[in-house]
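First, one chain by itself: the form predicted alone, in structure tokens.
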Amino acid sequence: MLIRRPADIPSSEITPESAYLNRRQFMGAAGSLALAGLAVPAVLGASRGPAEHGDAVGQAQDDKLTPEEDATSYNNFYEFGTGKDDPKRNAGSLRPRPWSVQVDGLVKSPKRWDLDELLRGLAKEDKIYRHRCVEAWSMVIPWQGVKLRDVLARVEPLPSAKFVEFTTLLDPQQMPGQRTGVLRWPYKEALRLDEAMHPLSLLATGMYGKTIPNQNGAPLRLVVPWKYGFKGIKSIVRIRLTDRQPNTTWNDAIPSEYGFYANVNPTVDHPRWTQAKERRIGEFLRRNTLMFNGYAEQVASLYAGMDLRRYY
């Protein structure tokens, strides 16, 4: 069961990092955390046992948390460089406050919010997601944030809305990687509306019980745990609903390698590497990649009848 906490609880009262250090310690602490009124997330990553309200849960395949240092120092964030250690080294130039988010398009009540105003009053979620990136490496990260569907509900999508497009900040002064032509800026990503409304889709504002660091997508990033990591757009400034499938950055750049859906389908190899195996950060041996990153029971119905070898 997820116990929701008010939006005004300070970060110092969020589940302490030490309680996350390993799965047994965390689960053993669940009772006392519940009494304290904090969120008690299930450990995500396996396709067994639906949790309350359709959230995922249950047993994982040895899903111990990735050490925080690894999760915050081995990143893809081309706005700060193409090397895995570039974002941590270069992201200090990003100013995550003040920050505003425009939510518009095919909605009844478009609005530009100050981020803190937007988050105020929305129930916060503490979740542990098995987050997988495109290079066949993965991490297990405890994210904090709000359900994307709760934000969309505030603007009341119109019946004609079918897709949700996300756009990253465009500011080469703050994001020096945008001075290069390695990608077409600003970075854009998108989901189908039903994917966006799924309870696992999270707008993350924190990780490991702390405010999300710049290099991990501060102050607001998308987490869609059953898709490849490139769908996890960072530093979001605009969310737009549309009736047509939007262009997305990596699909535009290399359409033969990066499909719109980005579902974790281990039966389809990337043109330059296998998708059947992945390496968990901190581990030497590779493990089998799970369909939909282990969330098949929760999300497979969204793609019933689709050819996921064609719509990759």
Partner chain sequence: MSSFGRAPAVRRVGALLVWVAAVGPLPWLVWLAVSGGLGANPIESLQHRTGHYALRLLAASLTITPLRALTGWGWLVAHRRTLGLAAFAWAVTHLLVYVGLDLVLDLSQFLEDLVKRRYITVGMLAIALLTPLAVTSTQGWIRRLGGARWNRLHRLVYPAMIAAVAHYLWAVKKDVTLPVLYFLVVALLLGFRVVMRRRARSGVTARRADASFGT
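Residue numbers count along the first chain shown, from 1. Keep in mind that this is a model prediction, so the values were computed, not measured.
Quick note: we don't show the form predicted together with the partner chain, though the next part is all about it.
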| property | result |
| --- | --- |
| Partner-contacting position among Val182, Ala123, Leu158, Ala153 - heavy atom within 4.5 Å of the partner chain in the predicted bound form | Val182 |
| Exercise: Trp137 in contact with the partner chain in the predicted bound form, heavy atom 4.5 Å | yes |
| The partner chain contact in the predicted bound form: Asp70, any heavy atom under 4.5 Å | yes |
| Partner proximity in the predicted bound form: Tyr78 to the partner chain, non-hydrogen atom cutoff 4.5 Å | yes |
| 4.5 angstroms heavy atom contact with the partner chain in the predicted bound form for Tyr74 | yes |
| Three-residue site Lys162, Ala296 and Arg310 fully in contact with the partner chain in the predicted bound form at 4.5 Å by heavy atom | no |
| Heavy atom contacts to the partner chain in the predicted bound form at 4.5 Å, residues of 263 to 289 in sequence order | Asp269, His270, Pro271, Arg272, Trp273, Thr274, Lys277, Arg279, Ile281, Gly282, Phe284, Leu285, Arg286 |
